[in-house]
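A single chain comes next, written as structure tokens; it is the form predicted alone.
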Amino acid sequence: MTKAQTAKAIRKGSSQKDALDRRQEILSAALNLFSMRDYSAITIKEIAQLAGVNSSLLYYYYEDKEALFRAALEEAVGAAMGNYDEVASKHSEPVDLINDWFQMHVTLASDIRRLVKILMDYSSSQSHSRVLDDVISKFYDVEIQILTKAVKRGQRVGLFNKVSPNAAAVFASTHLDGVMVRSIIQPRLDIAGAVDALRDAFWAYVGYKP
């Protein structure tokens, strides 16, 4: 490869990286706004201002605000699934895994609240996407699978009662969503205390005494 070809390749790679960085900055700005205010009240201009780019540039990456909203939602769901996978991969003991899973919702409360707020807006919107519906379903399916397997392992070694593992997983998942929704309605809610109380209720549900 000649020096000119090498320089061209470097410029191309640099421009591609710049484009990816700019797209990520736009997504981050959109996520922040969508998590704080209603979808209908947010304008492309506001997102562009927060991202530090010209409004017209947003249309280069996304067809419209709806497309940007969908991309932001997919980004938030993907990040949450990555956190779930990380917790699941760290533990072989069911109690440790479940404890860490609850604690993750305290440590990452701001990110999870942001996701829940966006999910609420999406569920009440008039425009749904089959792709996004599948992404959201997979997100909850992964969460339920992780918890169900943990409960089954606990039952095999005699730690938990013979309750339905799936029902126990749904109980924890549903009520944790409830904590996050409550914290959106009442920002001063003690999330750590609420999660601890739910963890105690979950241990009682499966018959485990810490």
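The model shown is predicted, which means the values in this text are computed figures rather than measured ones. So that there is no doubt, residue numbering starts at 1 and follows the sequence shown.
Absent from the display: the form predicted in complex with another copy of the chain. The rest refers to it.
- Another copy of the chain in the predicted complex is approached by Val179, whose closest heavy atom lies within 4.5 angstroms of it.
- In the predicted complex, another copy of the chain sits within 4.5 Å of a heavy atom belonging to Asp121.
- When contacts are judged by a 4.5 Å heavy atom cut-off, Tyr205 counts as touching another copy of the chain in the predicted complex.
- Contact between Ile136 and another copy of the chain in the predicted complex is found at the 4.5 Å heavy atom cutoff.
- Checking 181-189, 23-31, 49-57, 148-156 against another copy of the chain in the predicted complex, the stretch whose residues place heavy atoms within 4.5 Å of it is 181-189.
- For the options Ala80, Val116, Val95, Val106, the residue carrying a heavy atom within 4.5 angstroms of another copy of the chain in the predicted complex is Val116.
- With contact defined as any non-hydrogen atom lying within 4.5 angstroms of another copy of the chain in the predicted complex, the contacting residues in 193-210 are Ala197, Leu198, Asp200, Ala201, Ala204, Tyr205, given in sequence order.
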